[in-house]
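Just the one chain here, laid out as structure tokens, in the form predicted on its own.
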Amino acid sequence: MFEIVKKEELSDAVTLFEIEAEDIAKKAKAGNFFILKINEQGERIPLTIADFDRDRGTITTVFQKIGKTTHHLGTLNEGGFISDVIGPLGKPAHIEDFGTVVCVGGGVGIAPVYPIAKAFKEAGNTVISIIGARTKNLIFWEDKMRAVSDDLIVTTDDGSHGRKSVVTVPLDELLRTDKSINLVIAIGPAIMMKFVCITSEKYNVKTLVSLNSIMVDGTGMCGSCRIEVGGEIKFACVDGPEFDGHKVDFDLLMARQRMYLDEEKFALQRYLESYKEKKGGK
């Protein structure tokens, strides 16, 4: 059993957990993820290791309440326990001194891009970060991102905070005017990563993306996380989650992400109805 030692509501839909997981914290690196199961009857879901504290023996994750399991997870509180936490999984991000790096985080993707931006900064890079979301209340960790960035650009689709634009607009401006940029990292919704890659490809700047494909076991055995990169089949859990974005078939990725959409909606509906009944119909 793994104790939740901290819970923070970053917005109505986004929650932070700090979880006691000493063995994972000892080995975690930027770019890793883990898989959890709330209880014996629960499903396995992958979540990013957004931060870790080796001294405290804890890992931090940030998740958005979208489906049944993440809604259920959001009802747990500090002092509560999660049945299974397995990790660190996946290959860590490749960190070296590239010179100038742009880190782009969209929505809940701000969380996994943070440790990567931090690691690049510690490796001696100039780090320019762009974080964006639909609206102000979905922006979080602005101060943390600013602390590990030489420059931080904040965007919102509706203009309620920062600059009114999508993240690709300032990215295009940077790539057009700053020829010292050697690498772009993008983490967020698949459609956002796709257009980041379309933008960066115009300037022939290497771009890495962290793919959030459907995943079950996280060890390469089930094959559910398969994606196509450069015309070859890869497994996001063991070959990634980081890949060359210019080679990813994003249309196939997004189609696979929608495979169980009806079942996911049905499961969430049943869960919310059951949860309402347990709360006395309130």
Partner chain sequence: MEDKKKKNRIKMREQTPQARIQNFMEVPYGYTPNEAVEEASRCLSCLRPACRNGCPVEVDIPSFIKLIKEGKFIEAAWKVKEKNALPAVCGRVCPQEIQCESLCILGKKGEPVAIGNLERFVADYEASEGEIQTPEKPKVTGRKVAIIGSGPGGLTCAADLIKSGHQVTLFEALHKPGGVLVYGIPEFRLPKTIVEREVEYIKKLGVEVVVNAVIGKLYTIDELLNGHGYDACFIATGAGLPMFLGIPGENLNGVYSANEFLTRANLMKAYLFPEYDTPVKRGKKVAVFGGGNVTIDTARVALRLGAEKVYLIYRRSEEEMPARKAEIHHAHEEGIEFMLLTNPTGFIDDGKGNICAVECSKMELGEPDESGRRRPVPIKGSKFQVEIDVGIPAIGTRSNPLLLHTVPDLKLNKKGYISAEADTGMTSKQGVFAGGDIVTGSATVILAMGAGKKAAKSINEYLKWKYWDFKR
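Residue numbers count along the first chain shown, from 1. Given the structure is predicted, the values throughout are model-derived calculations rather than measurements.
Below, we turn to the form predicted in complex with its partner chain, even though it does not appear here.
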*So which of Phe34, Phe52, Phe235, Phe63 gets a non-hydrogen atom within 4.5 Å of its partner chain in the predicted complex?*
Phe235
*Taking its partner chain in the predicted complex as the reference, which of Leu76, Ile198, Ile86, Val166 has a non-hydrogen atom within 4.5 Å?*
Ile86
*asked:* in the predicted complex, does every one of Asp217, Ser224 and Phe266 come within 4.5 Å of its partner chain, counting any heavy atom?
replied: yes
*With the cut-off set at 4.5 Å between non-hydrogen atoms, does Asp23 touch its partner chain in the predicted complex?*
yes
*Gly42 near its partner chain in the predicted complex, any heavy atom under 4.5 Å?*
yes
_Contact flag, Asp244 vs its partner chain in the predicted complex, heavy atom cut 4.5 Å_ = no
_So, Met259 and its partner chain: in the predicted complex, are they within 4.5 Å at any heavy atom pair?_
yes
